[in-house]
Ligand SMILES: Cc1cc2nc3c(=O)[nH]c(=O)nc-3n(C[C@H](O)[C@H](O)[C@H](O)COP(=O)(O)OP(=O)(O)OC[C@H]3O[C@@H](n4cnc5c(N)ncnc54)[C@H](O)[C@@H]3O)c2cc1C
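Starting off, we have a lone chain in the form predicted on its own, written out as structure tokens.
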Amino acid sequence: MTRPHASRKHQVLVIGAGAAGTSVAASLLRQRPGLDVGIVEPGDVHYYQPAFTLVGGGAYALAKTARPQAATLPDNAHWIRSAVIELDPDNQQVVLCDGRRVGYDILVVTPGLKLDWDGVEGLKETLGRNGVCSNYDPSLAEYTWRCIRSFRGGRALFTQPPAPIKCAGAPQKIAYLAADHFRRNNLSSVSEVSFLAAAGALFSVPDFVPPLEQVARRHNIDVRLNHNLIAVDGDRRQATFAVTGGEGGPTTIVESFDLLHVTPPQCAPDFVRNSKLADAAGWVEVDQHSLQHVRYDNVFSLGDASSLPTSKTAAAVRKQSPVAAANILARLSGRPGDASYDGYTSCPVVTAYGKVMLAEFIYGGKVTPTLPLSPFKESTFYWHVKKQFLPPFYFDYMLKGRERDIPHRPQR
């Protein structure tokens, strides 16, 4: 069969230059400098997204989260400054927004996920005004801090949509920072802080639920589970939630607010969801250990767009990238890949200014700390790690494809 014409073909084609795509490409080229690697990425700026919560809490400058895309990509990779609109795995090609087709021997699908602002009625119309903010977009994170800083009492609501979402701890982190700021400014007595989450538990790993519930109680945060934000009326300052789990069945409630921090619903990009690579939920369907596609053995995926049953965090990518790179190089050499990912991820849960609880775990929710510190206690040390060590580690080590690491161990 004759394949459609491809304007160019690469040995390895990477879709997306976020944490996953950049680190994998850099690792491949560090280990095999002559490899022909193409990276499809339309954006000009690379953000260190884990710091957005600190930006929203007034503890970090937005400018420090950003670097030019050209400065973060591997020097010997081919940057294709365009966006993918279609995946054609049967012909080993991708289609770009300008109609060009690019071929590949190996495809690495790492485009991140889609923030579905339209998934909440009325949200897009009021974002960035009327006290409606979100740390999930760099253009909005500084407005979160303006809302918190100017708050003088009333009702502050913080929401979390159904999983999966990027960094599932982030929605409650900003609630803790806001409550701590209100306390420091003697506003606790005139403030009502609520955390409303669509999930049925405060955290996905049961061992971390009791200590986080203690944190919420200390901040006097009203935690309401099984509450999913479905509509916002910014002018009237009202938020509508679908409530499940009650004896009377699903219902809706309307809550007034003075400050509303929204975590939007999230899904895979359209071109992934509409492709033959997607599973029933729309994510790139890969083996959870090898990161190789279950039907197309020359396709790999990691990071937010993958079907991996773990949290979607940069820390997870940190452990996934070496596995993907090793298995890709093995396949290029005609050998079976034997590198395996155990599901490790971590979530530095900011519980107050100067305090972090570091949740680390693998598949099955097994707690696996890296350092000999209690994972269930708040730590000033981990605050400094998150704020001062991790950003340069991310830009100058992880994105360079360097992989030396400290092993994590099961909690005893």
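Numbering starts at 1 and follows the sequence shown. None of these values were measured; they are calculated from a predicted model.
Absent from the display: the form predicted in complex with the named molecule. The rest refers to it.
- Of the listed positions (C167, L259, V262, L73), a single one reaches within 4.5 angstroms of the named molecule by any non-hydrogen atom in the predicted bound form, namely C167.
- In summary, among the residues W117, F271, F151, Y296, the only one with a non-hydrogen atom within 4.5 Å of the named molecule in the predicted bound form is F271.
- For the marked spot (K319, N327 and M357), a heavy atom within 4.5 Å of the named molecule in the predicted bound form is absent from each of the three residues.
- Stretch-level contact check against the named molecule in the predicted bound form with heavy atoms at 4.5 Å: of 25-33, 43-51, 56-64, 365-373, the positive one is 43-51.
- Using a 4.5 angstroms threshold between heavy atoms, Q172 stays clear of the named molecule in the predicted bound form.
- Contact annotation for H227: none of its heavy atoms lies within 4.5 Å of the named molecule in the predicted bound form.
- Among heavy atoms of T313, some come within 4.5 Å of the named molecule in the predicted bound form.
- For Y136, a non-hydrogen atom is located within 4.5 Å of the named molecule in the predicted bound form, even though that partner is not displayed.
- Of all the residues from 67-89, those having a non-hydrogen atom no more than 4.5 Å from the named molecule in the predicted bound form are S82, A83, V84.
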